[in-house]
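What follows is one chain in structure tokens, specifically the form predicted alone.
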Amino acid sequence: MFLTRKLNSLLSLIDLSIVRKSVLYGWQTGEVETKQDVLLPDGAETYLTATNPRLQELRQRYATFQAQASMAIVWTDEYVQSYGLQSFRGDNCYVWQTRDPNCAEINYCLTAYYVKTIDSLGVLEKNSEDGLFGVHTYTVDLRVFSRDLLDSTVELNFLEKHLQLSHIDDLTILDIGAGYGRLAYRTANTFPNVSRYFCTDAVPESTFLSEYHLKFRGLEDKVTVVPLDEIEKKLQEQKIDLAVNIHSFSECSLEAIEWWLSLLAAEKVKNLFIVPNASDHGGDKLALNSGEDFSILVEKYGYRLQVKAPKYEDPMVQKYGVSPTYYYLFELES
């Protein structure tokens, strides 16, 4: 014990410590297998390939579309194409599920029980997790959870609390940086009053995947995927009640963010919901991955902060829950 204390005293200088393996859980020692099988529906294996003509077309269109929004910082071709298309819901560039310190099974368990207590909107009753396309799942209290489902439930309950989305007739939403259409899928299932949900993204692979995914989910009557080079025209034609940007602006250049904000302000999109990437397990700064604050840029285009709140209202869950961050809700000045 004396030797252990001495070693720990020295190791503390480099943030290390010696502990008995017998007091650790499997997820702490790396002995728990986190890899999950990629379950695919019929036709997915042949359609979700890099040689798909639709994906090739989108790549060509995006390559020739000269806009600030297409300036890649994080989402370079090499970064995006390093992940398999067939496991687009896996632990990858779209949704981190196992690589964050708060992504062990105990964190998922805590978060799942918390989410069940705050889900006054009933998102969990209207949505389920089928485990398709490589998503990581955890069974808690006889229900299958994923970060996809957990995040969507918290986000939609937040928006209902502050905007009462369920009471807006012919609700229209624009999802900037929609990825594979995670929130579109959950929103369309939750709100019968959604008239149209538009998904757009500056990455051609994302547009390709969201087109496939949302068609597979049978949501073409409510959800429209808009390629980047068509978004300006679409917004001129369609009034938008709410724009959402979730874990996307943090990975963009300031020039790209400004391009989007200019477009939203010009088309008088009233409400803007931004979720930055988690920083220091929930740091409350609207910032790029580099740490640069871009809140002043948002305000420059007339958007005033209405609500700033931790993702999890319970301080203990905010500390230990899956991917804690802060939520920012803005409103365009009249």
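So that there is no doubt, residue numbering starts at 1 and follows the sequence shown. These figures come from a predicted structure and were not determined experimentally.
Heads up, the form predicted together with a small molecule isn't pictured, but that's what we're talking about next.
Is there a heavy atom of R182 lying 4.5 Å or less from a heavy atom of the small molecule in the model of the complex?
Although the small molecule is absent here, R182 would touch it in the model of the complex, with heavy atoms inside 4.5 Å.
With the partner left out here, check for me: in the model of the complex, does some heavy atom of Y94 sit within 4.5 Å of the small molecule?
Yes, Y94 is a contact residue.
Spell out, yes or no, whether the shortest heavy atom distance between A265 and the small molecule in the model of the complex is within 4.5 Å.
Output for A265 is no: heavy atoms all beyond 4.5 Å of the small molecule.
Is A256 part of the interface with the small molecule in the model of the complex - any heavy atom within 4.5 Å?
Judged by the heavy-atom cut-off of 4.5 Å, A256 is in contact with the small molecule in the model of the complex.
Decide yes or no: are A178, A202 and S248 jointly within 4.5 Å of the small molecule in the model of the complex, with each residue judged by its heavy atoms?
Answer is yes for this spot.
Just to confirm, with a 4.5 Å cut-off on non-hydrogen atoms, which of C252, L174, A112, V123 contacts the small molecule in the model of the complex?
The residue from C252, L174, A112, V123 that makes the contact is C252.
To verify the annotation, which of these, A278, V38, A69, L288, has a non-hydrogen atom within 4.5 Å of the small molecule in the model of the complex?
The residue from A278, V38, A69, L288 that makes the contact is A69.
If contact means any heavy atom within 4.5 Å, which of 203 to 211, 128 to 136, 216 to 224, 98 to 106 contacts the small molecule in the model of the complex?
Heavy-atom contact with the partner occurs in 203 to 211.
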